[in-house]
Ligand SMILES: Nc1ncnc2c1ncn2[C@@H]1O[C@H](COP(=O)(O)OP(=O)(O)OP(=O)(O)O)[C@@H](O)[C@H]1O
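Read the single chain below, which is given as structure tokens and is the form predicted alone.
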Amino acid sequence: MNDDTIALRAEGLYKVFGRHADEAVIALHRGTPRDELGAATTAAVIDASFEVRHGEIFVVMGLSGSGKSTLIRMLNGLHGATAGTVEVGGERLTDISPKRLREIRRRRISMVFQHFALLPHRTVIDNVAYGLEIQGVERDERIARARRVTEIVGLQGWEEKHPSELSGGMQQRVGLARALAADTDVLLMDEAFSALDPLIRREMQDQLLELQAELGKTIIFITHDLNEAMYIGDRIAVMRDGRIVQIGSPEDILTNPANDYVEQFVQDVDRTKVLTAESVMRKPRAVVHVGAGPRAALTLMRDEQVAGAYVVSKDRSIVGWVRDRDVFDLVRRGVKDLSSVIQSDHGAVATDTALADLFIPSLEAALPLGVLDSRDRLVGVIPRVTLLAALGGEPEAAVQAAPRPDPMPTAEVDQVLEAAVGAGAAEPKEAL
């Protein structure tokens, strides 16, 4: 990956607590299980390597004791690495002077904690401006910048209140605003929403995604909640016993788990909220060019054994769809153009449509549901059997397809095509 796209890089990180840490790293590198290191030695993070791209939300998730909280503290130097390196914006955080590390924390990497970590004697606006104060920003400027951020996170009108006067959700907004005001390259969030009630937690997740869309921050988010990880993460690193066992998009993690542990971990995830049309679509085969003509269209449908086909323009933009019986009638009457039987109500969906939103369009569609890219080009189709299989996480062969109109008998199609050819009904044969 191009270094210009990398906000943070971790390579071969180990964190061992206790005696003989260096020897423990060597043993772990040789394959010694961490539970055989001895009672006085704890390996919290083992050989962790990953890259975080500019502007993405990178989620590290795992159960308690998996090492995720230790890992995030290594990324800003709160825990020194026993081995390995961390780079932020190309600059190493490991093995540098305490003075330089403090400077990097102030300007390049900030953190939002689970329990807010607000200064109780300071007002909201002064808490938000605290990071700027540490950076040496003049008071007028830092207050002005802090006010802009408090508005972004929905705290306007509360600037002069103290933390004790705020709800838990509002206190967490203050913590988030303080980190945003510092305007660092990377934002670390350690179980930032875990202490909140479920409704407030979802509200904060939505707020984070809105802020990300507006500000494009680089965020590393720690959570033990799989649904939270799937909801907010661009990519997810799954940890177990100190090791990262899989890194991938939510879709990758859900549909291609790396091992039995990950598979069991994701089995209760609501797939309808994670998977999209793009993740379950198939290559479209029953597709004809708008200028192909009835005979070419009917031949395609005969070969594919389908009762209809999508019609597209030269750039694959969708025009509509045709039914075999309508096209059959055109061929029989010697009509050379498909346009009179093209139906425009194709009902196709966008690639990013959530699985949960595909069921009604699929039921209403006469053909396998079409999938369009941002330029309205037909890039895939979703048969109902595929949709049902994706919902259950099962192979398509294990799911019986929903009833569909039967295609016309091949013998009947052949007779009409032969008659058309015999009458010299030549037309373009182009089909996609």
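Keep in mind it's a predicted model, so treat the numbers as computed, not measured. Numbering starts at 1 and runs along the sequence shown.
Keep in mind that the form predicted in complex with the ligand is not shown, yet the notes after this line are about it.
- Though the partner is left out of this view, R332 does not reach within 4.5 Å of the ligand in the model of the complex, counting heavy atoms only.
- Looking at L63, you'd find a heavy atom of it within 4.5 angstroms of the ligand in the model of the complex.
- A residue is said to contact a partner when one of its heavy atoms sits within 4.5 Å of a partner heavy atom; G67 meets this definition for the ligand in the model of the complex.
- When contacts are judged by a 4.5 Å heavy atom cut-off, T386 does not count as touching the ligand in the model of the complex.
- The stretch in contact with the ligand in the model of the complex, judged by heavy atoms within 4.5 Å, is 38-46, chosen from 38-46, 365-373, 24-32, 378-386.
- Here is the short version: of H224, R107, K217, H162, the single residue with a heavy atom within 4.5 Å of the ligand in the model of the complex is H224.
- Though the ligand is absent from this view, in the model of the complex it lies within 4.5 Å of a heavy atom of just one residue from E203, E251, E191, D183, which is E191.
- Residue F17 is the only one in 7-21 with at least one heavy atom within 4.5 Å of the ligand in the model of the complex.
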